[in-house]
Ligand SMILES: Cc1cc2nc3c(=O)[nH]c(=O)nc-3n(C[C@H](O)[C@H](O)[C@H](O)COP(=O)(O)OP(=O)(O)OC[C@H]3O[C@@H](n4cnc5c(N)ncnc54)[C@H](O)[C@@H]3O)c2cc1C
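Starting off, we have a lone chain in the form predicted on its own, written out as structure tokens.
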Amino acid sequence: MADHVAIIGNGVAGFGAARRLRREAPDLTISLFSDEAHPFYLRSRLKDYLAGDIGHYEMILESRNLYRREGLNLFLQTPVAALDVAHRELVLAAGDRVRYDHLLLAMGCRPSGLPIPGATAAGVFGLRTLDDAEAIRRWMAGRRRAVVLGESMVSLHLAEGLARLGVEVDHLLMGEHFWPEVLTPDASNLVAEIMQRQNIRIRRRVTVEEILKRNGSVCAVRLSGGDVIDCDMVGHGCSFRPCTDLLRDTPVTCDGGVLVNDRLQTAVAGVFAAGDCASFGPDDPATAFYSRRQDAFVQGETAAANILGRNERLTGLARHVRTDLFGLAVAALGQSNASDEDPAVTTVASGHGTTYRRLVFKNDILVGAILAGDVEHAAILGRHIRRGGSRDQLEAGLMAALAEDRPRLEHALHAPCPICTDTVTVPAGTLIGSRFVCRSCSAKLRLIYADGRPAVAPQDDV
């Protein structure tokens, strides 16, 4: 068994690995090294922080006290400058060397630079970390207009956070639809309709020719057709790349990200990788099931198991994305946007108001699904996909449930938690009667109608 495990990165993969290592090896020495100044937090809540709906207290899920209680050595603002894998040592930016027995690379990814003239102007931001969200909030204080570039989920979250902050937003797409690697055109159009109701202006099939600046700061963007959009900020989630610069002069192989096998092992003994920085390679059959941005927690736990010699394989996972876009709950599972032009593929789709469903079958086996508005059945659909459930099995029970038209929220609800009074957001399309947990105080809550209006109540009071 390893004596000292070093983990570079304190995101979902790194933190998940550390927790499992501690749970299964109480005497192990575990050290986490992070460039950031904050303990573990969820990046999915950055838009809420950007909007000003939550503060640091709600963002930081685990304080430094948890690390101390569990005997995890957390080194914040401690970048690793180099690896000496021959001697199993980390070289810190300050020059110190730290020896390890096993190493987990969980550095995540970072926004790529925009290949646009003027992209280095002050006021151009990506959104990846809590520091990014803080910088955007400071920059937009006293400013009112922003342009957001890109079709990705990060771009959508950025546009939503800015709009909720009271900023006028123009969202520019090079293509026709949002998040095309996950959403179908119909699901994308549903998101776009909700965005436009929130006064976000959307332009499709446009190319930014230049970011214009005045006194070194963003003042506008010029499009290829000659149009100019005035703005105080340009935000983007156009392109992210795995953080692999640290490995440039090492024998650790990279192919898009850090190349690993189904046990999260790299080509170098004792070195593992998980999360956004890991890659299964273009020819690995695992790429049919994994997305670099998904399953980070499971990857971290699996890497931890193999560090401990468990010989645990990462198999059978279907990509599972669950998020909230402009108050609309969205779940995309497996091959969610597979084209029905493939003769082996058949789809079942329906939509009503803010509810949209699409099931994807290949040779009558469920391989993907999109749920928007009502995502109540996402977990069970995910299990069917992992198990290779047949269409006959679904039609025997679940298909009828998916077809039910029960009372749901027509618009997102923002209401105070009856226990801690922090704002609780319930997405549009949520079934009346649904149970959930307050993110701030973990109180068990339920969505009800009270005096003819949707409201949030403690489960015991309903």
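Residue numbers here begin at 1 and follow the sequence given. Nothing here was measured: the structure is a model prediction, and the numbers come from that model. In this text, the rigid core denotes the largest set of C-alpha atoms whose superposition between the two forms falls within 1.5 Å.
Below, we refer to the form predicted together with this ligand, which is not included among the displayed structures.
Colleague: This ligand isn't shown here, but in the predicted complex which of L127, L74, V169, L83 has a heavy atom within 4.5 Å of it?
Modeller: Only one option qualifies, and that one is L127.
Colleague: Find the only residue in L246, M140, L359, V252 having a heavy atom within 4.5 Å of this ligand in the predicted complex.
Modeller: Answer to the contact question: L246.
Colleague: Does at least one non-hydrogen atom of R110 fall within 4.5 angstroms of this ligand in the predicted complex?
Modeller: Flag for R110 set to yes.
Colleague: Taking the shortest heavy atom distance, is S34 within 4.5 Å of this ligand in the predicted complex?
Modeller: Contact check for S34: yes, within 4.5 Å of this ligand in the predicted complex.
Colleague: Is the gap between P79 and this ligand in the predicted complex 4.5 Å or less for some heavy atom pair?
Modeller: Output for P79 is yes: heavy atoms within 4.5 Å of this ligand.
Colleague: Is there any non-hydrogen atom of R64 lying within 4.5 Å of this ligand in the predicted complex?
Modeller: Contact with this ligand, no.
Colleague: Among 96 to 104, 350 to 358, 215 to 223, 270 to 278, which stretch has residues whose heavy atoms lie within 4.5 Å of this ligand in the predicted complex?
Modeller: Among the listed stretches, the partner-contacting one is 270 to 278.
Colleague: Residue by residue through 8 to 44, which ones have a non-hydrogen atom no more than 4.5 angstroms from this ligand in the predicted complex?
Modeller: Counting only heavy atoms within 4.5 Å of this ligand in the predicted complex, the contacting residues of 8 to 44 are I8, G9, N10, G11, V12, A13, G14, F33, S34, D35, E36, R43, S44.
Colleague: Quick check on K444: with the core superposed, does its CA move 2 angstroms or more between this form and the one not shown?
Modeller: Yes, the C-alpha position differs by at least 2 Å between this form and the one not shown.
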